[in-house]
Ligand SMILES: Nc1ncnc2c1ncn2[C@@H]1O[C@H](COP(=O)(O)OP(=O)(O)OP(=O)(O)O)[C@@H](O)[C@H]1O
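Let's start with one chain on its own, the form predicted on its own, as C-alpha cells.
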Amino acid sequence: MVEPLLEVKDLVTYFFTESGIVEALDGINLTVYPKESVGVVGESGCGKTQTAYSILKILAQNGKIMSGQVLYKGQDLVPMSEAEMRRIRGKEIAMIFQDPMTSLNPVMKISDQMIEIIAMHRDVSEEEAREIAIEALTAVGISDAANRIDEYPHKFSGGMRQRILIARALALRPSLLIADEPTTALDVTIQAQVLEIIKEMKEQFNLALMLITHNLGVVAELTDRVHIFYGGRVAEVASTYDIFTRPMHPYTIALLESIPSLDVEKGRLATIPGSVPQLINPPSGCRFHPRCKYAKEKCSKEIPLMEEKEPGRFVACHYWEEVEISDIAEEVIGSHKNKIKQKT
C-alpha cells in the first residue's frame, strides 16, 4: 500500500479578528499521494487557500492552527519551528500563488528572485544556480531567458509572470506543487497555456500536484481525485471520474449545474441559492443546509460525518441516498465525461 505524500488530519484553523473568531477550517481531512493530481474545489471563502497556507504555516498573524496534523512524508509539520519549515517550503513543497504580480518583488530583477533561493535550497554555487534558473525559465516558455532573467517583473505580461513563478517553484525540484488558482488573473488563451505547462512539468518531474480552484472544468482536465470544500469543511471526496459521473453530495451537484458550457443548451445560468456562510458565526449542523433543497431538521442540528460510502468515495451528508441528479447536471456531466475518458 502506497503511503500518502501529504496527509492532513482533522485540521482546525481559526482567525482572531475584532469582529469575532473566524472558524476558517473545521476538521479538514485531505490526502495527496506521490505523483497524484488532487483538486481542491469550492466557492470563494470555503477554506481552500487557508488549507494551503496552514500546510505551509504561512498564515496571517491573526491566524492559528488550533488542532490537527499535517503529515508530510510521515512528519508532522504543525509543531515544527520556523527554521525547520524553511527547509520544507520550496525545496519539498512549492506553491504557486494566485496573483503573479504580488508574488514577485517589483523592485528586484527576476535573477535576484530566483538565484539566491536555488543556491540556498540546492546547495549549488550562484553561477550554477543562474544556469538552473535559465533552464527552468526556458522550460516554461520564456524566450531568450539568458538575457531576460535580468529584467524586472513589470517587463513581463501576466501570463509570463505566472510562468516565472512556475519556473521558480520547479527549479527547486519539490515533491509536491500546490497551485492556488494559478490562472485567475489571466485571459482564457493564456490560462490554457499555463495549465498545459503545469501538466507537462508535473509529468516531466514526477510531481504530486494539489490544484486549488473554483473551476470544475480545470479539475476535469488536470486531476485524478477531488476534494469538494464547503464552509471550512470537506463535503465529498472521490476520483475525478466519479465526481463527474456520479456526484453524491447536493453541493457537488449544485456546482456541476452552475458550470457554463458551450456543449450544453440551457437558458439562464444555474446558481446556488443563498450565500456562502459567514464563518464568524457559521450555521449549526451541516453548513450547507441553509442552501440545500434536501435539508431536514436533522441537518440543522447534527454535523454529518465524512463516511466512506463506496471504496474511495467519501461523503458528508445525512441524506445522500435521496439526492437526485438534475437534468441540467446530467447534461454537464455528459459533456465532461468524454473529456475525462480522453484524459484517462
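Each residue number is its position in the shown sequence, starting from 1. Note that this is a predicted model, so its numbers are computed, not measured.
Form predicted together with this ligand: not shown, discussed below.
- Distance check, residue 283 to this ligand in the predicted complex, heavy atom within 4.5 Å: Output for residue 283 is no: heavy atoms all beyond 4.5 Å of this ligand.
- Query: Wondering, does residue 50 line up within 4.5 Å of this ligand in the predicted complex on heavy atoms?
  - Reply: Contact check for residue 50: yes, within 4.5 Å of this ligand in the predicted complex.
- Would residue 68 count as touching this ligand in the predicted complex under a 4.5 Å heavy atom rule? Residue-level check for residue 68: no, no contact with this ligand.
- Task: Report yes if any heavy atom of residue 46 sits within 4.5 Å of a heavy atom of this ligand in the predicted complex; otherwise report no.
- Result: Heavy-atom contact with this ligand at 4.5 Å: present for residue 46.
- 131, 112, 181, 242: which sits within 4.5 Å of this ligand in the predicted complex by any heavy atom? Spelling it out, the residue with a heavy atom inside the cut-off is 181.
- Task: Give a yes or no on whether every one of 24, 214 and 279 sits within 4.5 angstroms of this ligand in the predicted complex by heavy atom.
- Result: Looking in the predicted complex, the three residues 24, 214 and 279 all sit within 4.5 Å of this ligand (heavy atoms).
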